[in-house]
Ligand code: NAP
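Just the one chain here, the form predicted alone, laid out as structure tokens.
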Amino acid sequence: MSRFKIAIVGAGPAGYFSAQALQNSETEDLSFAIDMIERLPTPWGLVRSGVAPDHPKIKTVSKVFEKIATHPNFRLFGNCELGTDFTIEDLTTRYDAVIMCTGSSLGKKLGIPGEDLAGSISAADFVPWYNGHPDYVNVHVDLNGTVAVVIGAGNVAMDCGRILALNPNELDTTDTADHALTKLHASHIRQVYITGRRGPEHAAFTAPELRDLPKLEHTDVTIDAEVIKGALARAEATGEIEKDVRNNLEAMRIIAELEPENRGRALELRFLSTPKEIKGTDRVEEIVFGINRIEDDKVVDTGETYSIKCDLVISAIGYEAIPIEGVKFVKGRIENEEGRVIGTNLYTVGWAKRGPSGVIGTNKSDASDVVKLVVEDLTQPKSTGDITELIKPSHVVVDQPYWERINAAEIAAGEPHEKPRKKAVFIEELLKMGQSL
């Protein structure tokens, strides 16, 4: 039997689905020893630090991850950082293949005047802030104003807008980080706009996200009905409407027909709006938008503008990967051909490979496709060691049992508060929680 050593860097959905694909590829003649390496003491990536806390069903995929981790050929190495504790070369010379699942965590810039004013932040900072990611605990989120504008027309923008617009009481029984929940309860934000550059038919929201908006108990959600009618007409004029587009437009039509109930909080979706400039003396005071129209399915600037007086601007227009020494990046992604990093035994899956697209489940098919390439390329085992040779004896490594103790402690801490868990947000606290008694 041929047994190959595979390192997976990154313990998010792309990493776990890569491990699962490897496990599913095992035969009587082929097996794998899988080492998953994660910078944080906590695995699960965006399932822990990206999925909105008021959408707990999405987080149940973590049960799949835990099952993958029970495979006898799987080892977790948490609290081990690429670039600090070891290099890419250290891994590629010791493993038969290295699969990079390092994601994308830098928010793309708007590239407009005023973007760096206080009160203008990226969703790449805001989302992990309210989700308790250790790197973002101290992000300054000023919620003293009354109006917030979110720029973007995808699910990340939707999450940001919804978290700002809902009554924070709706988050009390979620795993929202304590520091964020305290600040959201004190928030003065009462009007939130989510703005997209293109038309409703082009929005990257998913229908379930849109269908959840009318369920907000304390927030009026509005969309201009005429804008939705125009989008439907344009979509129908092109022939058969794609299923996802039709579902989105139907969900938006239902929202557009709702009568506001003056609940004291409001969330409005606006389209055909391109941010031109953020104005303010020392901080955000106003944002100027160009008004667009659709011609032949293309966005055209009309030359007209409008502005919104606001106190907070959150940009949610995409992500780029953080550069890694020894790996070539192009346009915010690891340079690759269908997941192969040509000329090496490196591969990549997930956002690091394709950019920030798709939902969590997208990574499953992505991982399956890339692992097929890995298996095709493997000939004879050549590995000469593993990560245990690279980590100093004094370094605290979070293996699977250690993580399970952290996980159990967080869940236990949440139970008295009717929360699924109470997240620890500092590395030292997490490591202490998981120490053996």
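What you see is a predicted model, and the numbers here were worked out from it, not measured in a lab. When you see a residue number, it is the position in the sequence shown, counting from 1.
Another form, the form predicted in complex with this ligand, is not on view; read the next lines as being about it.
When this ligand is considered in the predicted complex, residue 152 lines it closely, a heavy atom lying within 4.5 Å. Contact check for residue 74: no non-hydrogen atom falls within 4.5 Å of this ligand in the predicted complex. This ligand in the predicted complex is not approached by residue 94, whose heavy atoms all lie more than 4.5 angstroms from it. Residue contact with this ligand in the predicted complex: residue 136 places no heavy atom within 4.5 Å of it. Here is the short version: of 230, 275, 145, 168, the single residue with a heavy atom within 4.5 Å of this ligand in the predicted complex is 275. With the partner omitted from this view, the residue of 310, 192, 352, 157 that lies near this ligand in the predicted complex is 157 [heavy atom within 4.5 Å].
Across the options 233-241, 257-265, 311-319, 279-287, residues that bring heavy atoms within 4.5 Å of this ligand in the predicted complex belong to 311-319. Residues are counted as partner-facing when one of their heavy atoms sits within 4.5 Å of this ligand in the predicted complex; in 350-373 these are 351, 356, 357, 358, 359, in sequence order.
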